[in-house]
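Same protein, same chain, two forms; see structure 1 and structure 2 below, as structure tokens.
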Structure 1
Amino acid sequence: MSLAPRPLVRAMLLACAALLAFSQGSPAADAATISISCSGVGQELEFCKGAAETWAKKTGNRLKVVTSPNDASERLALYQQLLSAGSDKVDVLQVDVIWPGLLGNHLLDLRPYARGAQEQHFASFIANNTSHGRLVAMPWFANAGLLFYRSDLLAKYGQPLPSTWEQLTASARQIQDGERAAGNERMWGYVWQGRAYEGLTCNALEWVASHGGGTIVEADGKISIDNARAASALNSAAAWVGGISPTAVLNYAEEESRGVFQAGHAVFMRNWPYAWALAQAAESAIRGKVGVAMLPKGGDDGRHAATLGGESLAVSKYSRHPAAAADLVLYMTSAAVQKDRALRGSFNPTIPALYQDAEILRANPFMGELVDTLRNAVARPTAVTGVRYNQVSHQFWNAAHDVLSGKASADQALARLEQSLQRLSRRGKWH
């Protein structure tokens, strides 16, 4: 992901400086002033600011809240600019799940400060946030790919919840054909994210991993994508296009697929947990008719695989107050704060024990379906590929899109992809 244009970065830095000039109250003589950058998307800023202010009152430290750009690419560009300059203007940063490998060299190792707290979180998330043996971020809230389905239509046609992609394909076809014959000519069996962007990397990684085809680049740096199981996974998905999935799916991102599903024109949908609340909203055409489950396995010998998503909190290694900043991170990622966020904002915790909490499950019934999904979530190869991850993902989603659109066979596309990744990695040596 490239840096933002210089004028944009300058404007961001000026805004950052202006925000950092604001603080509350008079500090105690030994108090630290900690600045935290929070996303302004939805309720994130409100909850981030509220929890951070509670920590400041409890500890006697001062707090400065920096509202970073909502656009993830712009936020990453701002972080890269600040960190590359060794700036101490932001102590705590909200980081996307794919950024630890990109920013890890500039982030504090939190393991000495966590004192084992990391063991409460999903192991897949901790592994994702570990770069060269250093825990560079603590998980804050989680996402993972899920299968949404029309429970009323499965019941109508006597179809069980599919456990494999083959079963999903057959069920989607039967219900699609039946509904079209009954007059709903716009019905499709399955919608997902097929546009050539990061969302396709997430979908295609799920297909490949569920078939036992690896994770593009393995933890030891080995490039594994050119294999028969990965090719089979992509060929199966390509057969959906124009069959149980509209050809337009090749231009779908999250909202396009949700729009079709929520309008009542799809049986199954792959999406992130956010789609649950919207599907159950008062104005939704499918309210009360939706179920959520793990994504299917790639055959009886396959596995359930959902791409890990979510956000974490990290500390800049250029912070003047690393201990206080780390303490803020550990407070904000604690079970108590994560429970409050789950109850008030439906944010998915990163602590498995909270998925057994009766209050959370009453407020968010779908979260009961998430724990196994998150426990088995597949991380994108960000930690091992580091600053080259964006190039890896770009090449992977383009290869997958070529297969889905019929521009190349899976064997051809994956062979070319592996050769390209070998060159990019200097023959498997990523660092």
Structure 2
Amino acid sequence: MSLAPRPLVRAMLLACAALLAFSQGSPAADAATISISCSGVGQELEFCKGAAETWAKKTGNRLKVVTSPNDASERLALYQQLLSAGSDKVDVLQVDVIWPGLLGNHLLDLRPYARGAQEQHFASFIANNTSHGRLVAMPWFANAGLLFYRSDLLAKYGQPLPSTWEQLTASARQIQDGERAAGNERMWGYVWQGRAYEGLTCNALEWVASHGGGTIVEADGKISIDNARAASALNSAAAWVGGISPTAVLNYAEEESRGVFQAGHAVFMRNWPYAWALAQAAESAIRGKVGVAMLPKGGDDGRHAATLGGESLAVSKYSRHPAAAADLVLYMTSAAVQKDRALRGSFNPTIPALYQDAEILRANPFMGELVDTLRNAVARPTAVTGVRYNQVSHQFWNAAHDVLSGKASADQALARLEQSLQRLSRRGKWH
């Protein structure tokens, strides 16, 4: 018996295959390949990949995840290179809270795609991400510098939570000495980010602002960094190096500090919220022994100061698939994805309603307790310095690094920095 004519069989098979592919959500004929660049600090890459893959499956698009350097300053250099070349290699980029002014011209206005979704986010983030009236990035997660501490060790040594840097220094010293004498030779008092990069700008701004030494450049454009309070803040930090902090801290970024703290080798750590979920993870050596608090004040007349950080997602103007790329950004920054990231990764949402969510607050008690710290976080002087911010920051972190490594006194370094910023700004006129 002859079978059905061959062309018909082939056509039927093709139709079945197409149907099957459609029902399984395989890429449609006009599917786009969207490439997204995420940083990999802690669980960032894993979370970015996971959510983006879910979107790709749902929408039938394909995905390419491009890893980029963890060091924020290196990531900026890479993005500036890609964007100024008009490259279409990356469609979606992870944009630091300090970059919208620097990169805005190369980013798509997301307003037509967002259709009001931006209203859910903190208005301050939306304002930050608006450049010349264009919404160039959707807020993804918020950051503020926090003090992580070993609650078990503070209790063992009868030490209260330090409310000033001086108290932190004394407790760190006492516990470090005590633990070392008891045979724990690798114990350090305090780890933080001292490498010459944007992270040091964040740490040093916290020391300076907490001592009442201003914010490098003030909102009216005045360069304020050459002052006695700022100098004393930097001198105190320099005294930690080789004392309560390993000399290697001069080359630490976020992950190096977390590595030491999470292995149980430090009493205190300055870091961003992401470190909480990891410190509390099943495999962490310090699970159940960690607390999170505000960073200390600079003396009794100082204040608690946390640098404001955070990340957004943006679409490159040179993307060949702007609509699909914007759809991915809106999905990744949605309340549902932000909630999942908060629950499993302790990433602070940028949607105020999520701070009322009982599950999120249970998983991250600090998000409720430190809500004022997060709300009053100190912004880096991006608004006033505009496109020159990265040069300002670069000069500031180099000056701070020189003081920390003993290459210059704080007085010398800050006087030189002030002069150089005066030249950069044409005497405080930034625009």
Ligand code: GLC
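All residue numbers here follow the sequence of structure 1, with the first residue given the number 1. What you are looking at is a predicted structure, and each value in this text was computed from that prediction instead of being measured. Only the largest set of C-alpha atoms that superpose within 1.5 Å between the two forms is called the rigid core.
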Matching the form predicted on its own against both blocks gives structure 1
So between structure 1 and structure 2, Ala293 and Ala172, one rigid part or not?
-> yes
Through what angle, in whole degrees, does the smaller rigid part rotate relative to the larger one between structure 1 and structure 2?
-> 35
Report, in Å with one decimal, the C-alpha displacement of Lys339 between structure 1 and structure 2 after core superposition.
-> 5.8
